[in-house]
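Given as structure tokens, the chain that follows is alone and in the form predicted alone.
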Amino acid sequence: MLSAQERAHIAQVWDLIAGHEAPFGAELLLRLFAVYPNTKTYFKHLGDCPDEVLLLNHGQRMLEAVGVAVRHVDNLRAALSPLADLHAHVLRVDPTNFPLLIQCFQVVLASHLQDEFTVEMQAAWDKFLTGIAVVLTEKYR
């Protein structure tokens, strides 16, 4: 799936954001809700105007899952199987929302990392996040 160079880019970016999962995740959610308001339907537990603590907590959980994927890039299917079951069978998230999340996450990365987030890194992260989305949607079939 990913070349050695792409894996290096994934790890390099993750090293830059590790430890900041909560604020990055909260910003990702806020951006997702602002750009794609219909996605709020999957986050009813956050309410219409989610407070900072709820956003930080859920954002942290989301990016911790990305961290799991970074650590298990060679076996995403096994590492993310419980998360795939949750999204397909319990939460019933429409899989068309995953590309929207990917887009918003990349904007958050670019806005924070700026020049450190090179075109090559963005391409590697796009490929990596798309791989995560594929794994998360496999249980829908």
Partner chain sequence: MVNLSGDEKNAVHGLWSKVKVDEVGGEALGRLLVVYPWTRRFFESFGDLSTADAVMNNPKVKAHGSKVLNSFGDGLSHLDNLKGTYAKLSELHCDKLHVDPENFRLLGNVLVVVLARHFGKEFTPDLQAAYQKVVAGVANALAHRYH
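All values derive from a computational prediction rather than experimental measurement. Residue numbers count along the first chain shown, from 1.
Beyond the structure shown, there is the form predicted together with the partner chain, which is absent from this document and is the topic of what follows.
Query raised in the report: If you check A78, A34, V53, L91 against the partner chain in the predicted bound form, which one has a heavy atom within 4.5 Å?
Result: In short, A34.
Query raised in the report: Does the 4.5 Å heavy atom contact test between V70 and the partner chain in the predicted bound form come out positive?
Result: So V70 does not count as contacting the partner chain.
Query raised in the report: Is the gap between Q12 and the partner chain in the predicted bound form 4.5 Å or less for some heavy atom pair?
Result: No, no contact at 4.5 Å.
Query - Exercise: V66 in contact with the partner chain in the predicted bound form, heavy atom 4.5 Å - result: Judged by the heavy-atom cut-off of 4.5 Å, V66 is well away from the partner chain in the predicted bound form.
Query - Non-hydrogen atom contact N38 with the partner chain in the predicted bound form at 4.5 angstroms - result: It does not: once the partner chain is placed as it appears in the predicted bound form, N38 has no heavy atom within 4.5 Å of it.
Query raised in the report: Which residues within 97-116 place at least one heavy atom within 4.5 Å of the partner chain in the predicted bound form?
Result: In sequence order, Q103, C104, Q106, V107, A110, S111, Q114, D115 come within 4.5 Å of the partner.
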